[in-house]
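Presented below, as structure tokens, is a lone chain in the form predicted on its own.
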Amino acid sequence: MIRWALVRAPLLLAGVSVAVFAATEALPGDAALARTAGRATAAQLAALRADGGLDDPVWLRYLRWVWGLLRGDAGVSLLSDRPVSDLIGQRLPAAVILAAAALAVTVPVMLSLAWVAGTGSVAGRYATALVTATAAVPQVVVAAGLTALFAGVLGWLPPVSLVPAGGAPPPATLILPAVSLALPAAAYGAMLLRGVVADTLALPCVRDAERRGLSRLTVALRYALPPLLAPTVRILALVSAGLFAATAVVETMFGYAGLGELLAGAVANRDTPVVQAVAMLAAAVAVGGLLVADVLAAATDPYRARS
């Protein structure tokens, strides 16, 4: 399984690169028009396209772009003329801090809800209904509701999350964006994990341990945890990837200067080098997370260990 995961990761990234390049190529206009904002003559546009290689075949431009990425050169922003790597490097720390804060909330909430929902008790049925309802709510609705309550009605938290230049965001500005990301992600992960928990608790070894009068903690740690590790790691990887992708909406809503806001602004301004670079970075994070999850799942799979 690990060998297949190692082969699958670069294939996935190659497929994503084709999709990202094709999507940005389909945007109206091109780099010459974006740079001149419609103020250049036809001759000036033709000269810019010739200098930038925009008249070359699509496949050649794609290979040139991929070769640049492999060398760490993501190009230059069409709006600011700054290297894209500089723009990403400037926003990356804030994005990592927000993602880490959201994950710190997501993981314990997801595991707790999945465990309660998987027990089949009365509380489990209520937890299942809560998980299903919350997972269906988009992040934008959760963010709007939390802002209205905690910033508008109660006045406990700031409605926007401004990040000081060159510094870390104050903790209070992280709460609303992080919780807005974490709640739907935790509910979605719990919904995926609930069935696995129910199947695990129905295993003969777990039932037998309960009949022998062992404590709930002993049953959970000794008999239920080993078969749950592998699927839990995989679901955590999926949830983390989805959470990272959802930051664009939440960061834009709260004015948080992370990669998601950079991507949203680049799409609105047709800044294709920035769009391509941020999209590929998000894909690399997701594929890397899945690869790590596969390796950890293989290492913690009790059935594989016995074989």
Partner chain sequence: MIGVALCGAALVPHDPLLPLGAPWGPPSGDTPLGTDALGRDVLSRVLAGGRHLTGTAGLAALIASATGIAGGLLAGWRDGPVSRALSALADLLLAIPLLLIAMLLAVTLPGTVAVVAATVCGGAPLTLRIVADAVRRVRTAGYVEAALGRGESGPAILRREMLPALAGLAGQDLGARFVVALQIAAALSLLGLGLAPPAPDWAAMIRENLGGAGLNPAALVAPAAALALLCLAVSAAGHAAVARSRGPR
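Being a predicted model, the structure only gives us computed values, none of them experimental. Numbering follows the first chain given and starts at 1.
Below, we refer to the form predicted in complex with its partner chain, which is not included among the displayed structures.
Looking at 99-107, 200-208, 133-141, 75-83, the stretch with residues near its partner chain in the model of the complex, meaning non-hydrogen atoms within 4.5 angstroms, turns out to be 133-141. Looking at its partner chain in the model of the complex, residues Thr24, Met253 and Ala264 each place a heavy atom within 4.5 Å of it. Put simply, of Ala268, Leu70, Leu60, Ala42 only one has a heavy atom within 4.5 Å of its partner chain in the model of the complex, and it is Ala268. Interface membership of Val20, defined by any non-hydrogen atom within 4.5 Å of its partner chain in the model of the complex, is confirmed.
Taking non-hydrogen atoms only, Leu238 approaches its partner chain to within 4.5 angstroms in the model of the complex.
Within this chain, Ala148 lines the site of its partner chain in the model of the complex, having a heavy atom no more than 4.5 Å away. Although the partner is absent here, Leu12 lies within 4.5 Å of its partner chain in the model of the complex, judged by heavy atoms.
Contact residues in stretch 225-249 (any heavy atom within 4.5 Å of its partner chain, taken in the model of the complex) are Leu238, Ala241, Gly242, Ala245, Ala246, Ala248, Val249.
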